[in-house]
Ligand SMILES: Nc1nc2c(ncn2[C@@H]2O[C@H](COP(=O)(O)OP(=O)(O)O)[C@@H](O)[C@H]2O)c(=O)[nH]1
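Only one chain is included here, represented as structure tokens and corresponding to the form predicted on its own.
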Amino acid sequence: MPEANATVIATYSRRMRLRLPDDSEVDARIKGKKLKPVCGDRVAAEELADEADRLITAIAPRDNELTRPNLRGEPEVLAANVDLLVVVAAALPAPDWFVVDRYLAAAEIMRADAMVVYNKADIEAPDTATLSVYEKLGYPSLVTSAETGQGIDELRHRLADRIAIVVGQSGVGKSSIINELMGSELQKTAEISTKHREGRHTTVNSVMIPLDAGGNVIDSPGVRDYAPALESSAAAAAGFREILAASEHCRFANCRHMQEPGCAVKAGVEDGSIDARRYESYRRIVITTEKLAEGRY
């Protein structure tokens, strides 16, 4: 392919915003219908005569992909070339730790680092018991408040020189956190919907923002639910560090860790060495992946 000479920093359907090597930015459109660049992609972009727009002609091989299954069960790429997932939960809306687990599973599968952020600590004290589960597994956890600034400096330090994506449920304050990191209100924010106690979608498209302290952060659309796109349910274990480690001691090499005899994972749940809710997260991913493969979603 032609040499990549730009990075996709914002997506607007078939139009893109690109950052050039000199840090200037230009708009671009995509050549043909087969190319599907996403935020974080390194692309080849040609200059066009008598046009300000560039033309994206190729996408460089990706280091990794953050994916989810679409309605047909096919992988949909949300972002590329990311080395840190910042998974945000908050006091409001009520934390869905299953969603957090699924994002962490995605990070494991795409071989990216991950951390958990509990935001809106000014509203309610964090669930320290759940955060300690993640800490014991090696996922750093950080308590923040975009309202008071608590934890923002430490988060800024952790993001330095990284390409990070901030993910989580709608309304947890992802854009507000990024505003604090930037020291400005570059991203739109919205109040929690009091009618449904759910977050409104405040970010329509993913946008990569450079940080003054170094690094880049991608603000992604909020979700009500999330699951990584997997080739098969057998890949689910790779998303859970503790399950993957325990699986080496299962009686059968192809153990699904559901109902099989001699399952070391089930034994770990029973003796408390594997968190029961984390195991339930694993089960749900297996079931969802199998239903998608059978066309039942």
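For every residue, the number given is its place in the sequence shown, counted from 1. Everything numeric in this text was worked out from a predicted model, so none of it was measured.
Keep in mind that the form predicted together with this ligand is missing from the display, and what follows is about it.
Contact annotation: G171 falls within 4.5 Å of this ligand in the model of the complex, judged by heavy atom distances.
Contact annotation: L131 falls outside 4.5 Å of this ligand in the model of the complex, judged by heavy atom distances. This ligand is not shown here, but in the model of the complex it comes within 4.5 Å of a heavy atom of S145.
Taking the partner from the other structure, this ligand in the model of the complex has no heavy atom within 4.5 Å of any heavy atom of A213. The chain is drawn here without this ligand; in the model of the complex, the stretch among 156-164, 95-103, 118-126, 76-84 whose residues come within 4.5 Å of it by any heavy atom is 118-126.
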